[in-house]
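In structure tokens, one chain follows: the form predicted alone.
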Amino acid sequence: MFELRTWKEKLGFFALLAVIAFFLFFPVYWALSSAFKANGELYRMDPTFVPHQPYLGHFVSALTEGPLMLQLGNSLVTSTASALLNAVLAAFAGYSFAKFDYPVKKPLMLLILSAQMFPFGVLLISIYPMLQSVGLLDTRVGLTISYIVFALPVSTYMMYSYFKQVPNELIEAARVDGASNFKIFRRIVMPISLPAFITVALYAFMWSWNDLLYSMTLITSDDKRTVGPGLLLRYINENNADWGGAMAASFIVAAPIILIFAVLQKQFIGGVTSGAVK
């Protein structure tokens, strides 16, 4: 760690932090400020940094008009399903790579991780005809599967890194007592790996919740749209640009992620950092 010895070094360091914080948080503040401005104030030539009179009309309109609540429900279903299934599959795969030996283990793991080298669009080009051929295009199930395909490689490696730290002596002791491999995994390994499991589930949930490309391409029915395409098509399109409504709806959409992370941040940070040290 570096030390700040003189007052000039300290001043420069805190000035740099202030600049970084400004670039990080000012757009968030401006979006929140715009959400509370009436259209007359929002579109005036000389912008105001603080709303003259807080206006809740954009929030009321977002909640009561249009399909935002339906889209939130669709996002909640697909994101939760993909998060749980992704975490379960990643736990099984990561445990297999960490605690079992078989001839194709390393090549198989490299093959899984190599999927992350391809851009979103390349994977989507492959996923689209596959879902179409089995009748899962424009379905929540098909969208959930596409989310799992993208998130599973990273999730598997995260679980693998965590399981590598589980002492082999603990597993061998349970095996001597007559426990099967599945019972060891379920009764011993998973309870002490809960932080990593939560981290993987949160990672998949946030990726699914914030997705735009996959849901825009794989879902065409209005009643199945998720929040990403829903916000874009309703508030910002070739015929309309409702910035106040878009900002208000964006904060409504962000609320579940903020709430979940606030509740589970301890487990999330523990799961992220646990695989970094031996």
Partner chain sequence: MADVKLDHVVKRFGQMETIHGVDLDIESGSFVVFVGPSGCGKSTLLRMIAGLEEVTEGDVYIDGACVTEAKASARGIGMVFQSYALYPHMSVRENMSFGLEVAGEPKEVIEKRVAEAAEILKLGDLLDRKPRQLSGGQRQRVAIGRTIVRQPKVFLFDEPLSNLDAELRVQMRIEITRLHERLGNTMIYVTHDQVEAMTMADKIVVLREGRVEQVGTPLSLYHAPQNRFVAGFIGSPKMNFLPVTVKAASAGSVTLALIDGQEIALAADGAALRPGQKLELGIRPEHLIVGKGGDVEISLHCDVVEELGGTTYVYGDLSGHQVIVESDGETTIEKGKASLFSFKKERVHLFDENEQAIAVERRVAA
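Residue numbers count along the first chain shown, from 1. Everything numeric in this text was worked out from a predicted model, so none of it was measured.
There is another form of this protein, the form predicted together with the partner chain, and it is not shown here; the text below is about that form.
Of the candidate stretches 188 to 196, 157 to 165, 78 to 86, 203 to 211, only 188 to 196 has residues whose heavy atoms lie within 4.5 Å of the partner chain in the predicted bound form. The partner chain is not shown here, and in the predicted bound form it never comes within 4.5 Å of any heavy atom of Pro103. Mapping the unseen interface onto this chain, Val141 falls outside it, with no heavy atom inside 4.5 Å of the partner chain in the predicted bound form. Although the partner is absent here, Leu111 is not a contact residue: none of its heavy atoms lies within 4.5 angstroms of the partner chain in the predicted bound form.
The partner chain in the predicted bound form comes within 4.5 Å of a heavy atom belonging to Ala174. Interface residue among Ala179, Ala115, Leu137, Ala98 relative to the partner chain in the predicted bound form, by the heavy atom within 4.5 Å criterion: Ala179.
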